[in-house]
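Just one chain follows, in the form predicted alone, and it is written as structure tokens.
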């Protein structure tokens, strides 16, 4: 039995929550990825995560045993993280591997999508290339309506048809960007790029707004920082295979302490004198080459070659560290320049 502790969530392969009993009273709603049940408390509901996979508005379907467990555990971890950072969410507690207890809310009929990198429908709709960094992040609203295919709507549409009030729209946008900041930093530290994600929101009886639904590989795009490998539902959409393994990899990285997630890199450094700085060794070698009938050689700069191996959670972090090493210790920046190659090993 392996426990993966994080943010107060202790989960084993067959875990249950030790606390007040909460019973399923009646099925309220069944969606593509989960079932929602009434409980003994009218202010609370139980989410049951299913093993189903859907894409393209449920035109593509499959079932994968264990998928519901990973989406439940991943979403619970993210929602608990956000709560700890001051973001109001509907999450109450994890019940077991496939169930969590949540606040019952009135769902606002809008989906908020935050995009950090161009991909998916954005590229198809606007004809832009994939992989462009979007600074600042792009925030879009979509109407929650499966029959219409969840169409993109503007804030003018939202106001004209009363899908949400202006203060609600402003609050959803504010919370979405805060969620993006928190999750982007958290995932970057674990070698994952948060490409884009979808959020839903709901209100309680007092009108307070909460992040609702789920945050998981079903609702986000995650790319490995170094390899750009997809670690989300795009593996199912694009028939890339290893769908469950991708979900498991996300859970592995967020279910362990940050320090335990390391990759190994080799940096090959080349340090040489700047142009204009006298290189006596280089001049000697150049003269020797010319005497041996190599007139095509125009200049020689003699330098140093170093090979460094290091641990890092991501390629970008390793690159940053190697540059810092060069600037702090290895290179005299008054007279020397450097270049390096970095490779995961």
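As the structure is a prediction and not an experimental result, all values here were calculated from the model. Residue numbers count along the first chain shown, from 1.
A second form of this protein, the form predicted in complex with a small molecule, is not displayed here; the remarks below concern that form.
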Just to confirm, with a 4.5 Å cut-off on non-hydrogen atoms, which of 224, 248, 200, 234 contacts the small molecule in the model of the complex? 200
Given that the small molecule is left out here, which of 152, 107, 240, 138 has a heavy atom within 4.5 Å of it in the model of the complex? 107
Looking in the model of the complex, is the small molecule within 4.5 Å of a heavy atom from each of 31, 34 and 213? yes
Which single stretch, out of 224 to 232, 98 to 106, 173 to 181, 69 to 77, brings residue heavy atoms within 4.5 Å of the small molecule in the model of the complex? 98 to 106
4.5 angstroms heavy atom contact with the small molecule in the model of the complex for residue 144: yes
